[in-house]
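Below you will find one chain, with nothing else, as structure tokens; this is the form predicted on its own, and questions on how it binds or moves follow later.
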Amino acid sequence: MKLACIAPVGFVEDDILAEVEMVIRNNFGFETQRLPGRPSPGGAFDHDRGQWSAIEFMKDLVASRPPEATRILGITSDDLFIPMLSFLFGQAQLNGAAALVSTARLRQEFYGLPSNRDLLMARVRKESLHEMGHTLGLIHCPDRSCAMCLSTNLEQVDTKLDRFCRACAASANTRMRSLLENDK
């Protein structure tokens, strides 16, 4: 069985981490291991933007992945950006080992609205599934209900489901089988 490590970066609530672990186990069949919490990477905060560099987070995740882990998924409440985008919900290495999800803009409170824990958890499931799908080589899907559909705003996140469409599920299953066969 393959191992996926869940890496909390900065403060992340236990129920969010448990939800992510469940998503990874149920959708990919990975065993999960929660790593100890770690601080946000030094030098990642951009004072001009008031945000954190996702690139620095990804470098830190890649460097901290235990050798026995096939994948590592970082979860943070920090607001992330990359130079060409004003923000992102997550990032991943396509066909790689590392992925990252930020809960900052998935929270209603970010927009001055009352907290909605159920909605937050649904969004975290969708974005975790999406970013882990990228690590298996899945690309953005044109099916707006598929978890692999590109989301550049919350309306798009809320429109999609917390599962893959048939085509993406079949591709993910094939890629997981290939991963498991390479272990033999």
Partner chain sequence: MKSRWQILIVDDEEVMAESLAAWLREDGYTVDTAPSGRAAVSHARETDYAIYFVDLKMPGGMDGIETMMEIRRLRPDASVIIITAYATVDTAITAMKEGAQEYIVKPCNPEEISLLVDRIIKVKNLQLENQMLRKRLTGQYEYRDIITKNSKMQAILSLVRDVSSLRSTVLIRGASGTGKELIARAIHYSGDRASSPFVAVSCASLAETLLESELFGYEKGAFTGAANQTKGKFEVADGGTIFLDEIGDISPKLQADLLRVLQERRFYRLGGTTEIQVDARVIAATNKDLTEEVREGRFRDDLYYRLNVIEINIPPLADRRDDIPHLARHFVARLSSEIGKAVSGIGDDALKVLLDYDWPGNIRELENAVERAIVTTRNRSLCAEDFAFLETAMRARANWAVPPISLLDIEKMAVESALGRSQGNIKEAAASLGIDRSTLYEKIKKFGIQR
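Residue numbers count along the first chain shown, from 1. Everything numeric here is computed off the predicted structure, so don't read it as measured data.
One more form of this protein exists, namely the form predicted together with the partner chain; it is left out here, but the text below deals with it.
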Interface check vs the partner chain in the predicted bound form: of Thr159, Asn116, Asn26, Asn153, the one with a heavy atom inside 4.5 Å is Asn153
Of 62 to 70, 117 to 125, 130 to 138, 31 to 39, the segment with heavy atoms within 4.5 Å of the partner chain in the predicted bound form is residues 130 to 138
With the distance limit set at 4.5 angstroms and only heavy atoms considered, check whether Gly50, Val101 and Ala104 all reach the partner chain in the predicted bound form.
no
- Closest heavy atom of Ala92 to the partner chain in the predicted bound form, within 4.5 Å or not? yes
*Is there a heavy atom of Met22 no more than 4.5 Å from a heavy atom of the partner chain in the predicted bound form?*
no
| said: Against the partner chain in the predicted bound form, would Cys168 count as a contact residue? Criterion: heavy atoms within 4.5 Å. | reply: yes
- Task: Please run the contact check for Gly112 against the partner chain in the predicted bound form: heavy atoms, 4.5 angstroms, yes or no?
- Result: no
Contact check, 53 to 70 vs the partner chain in the predicted bound form, heavy atom within 4.5 Å, ordered by sequence, gives Ile55
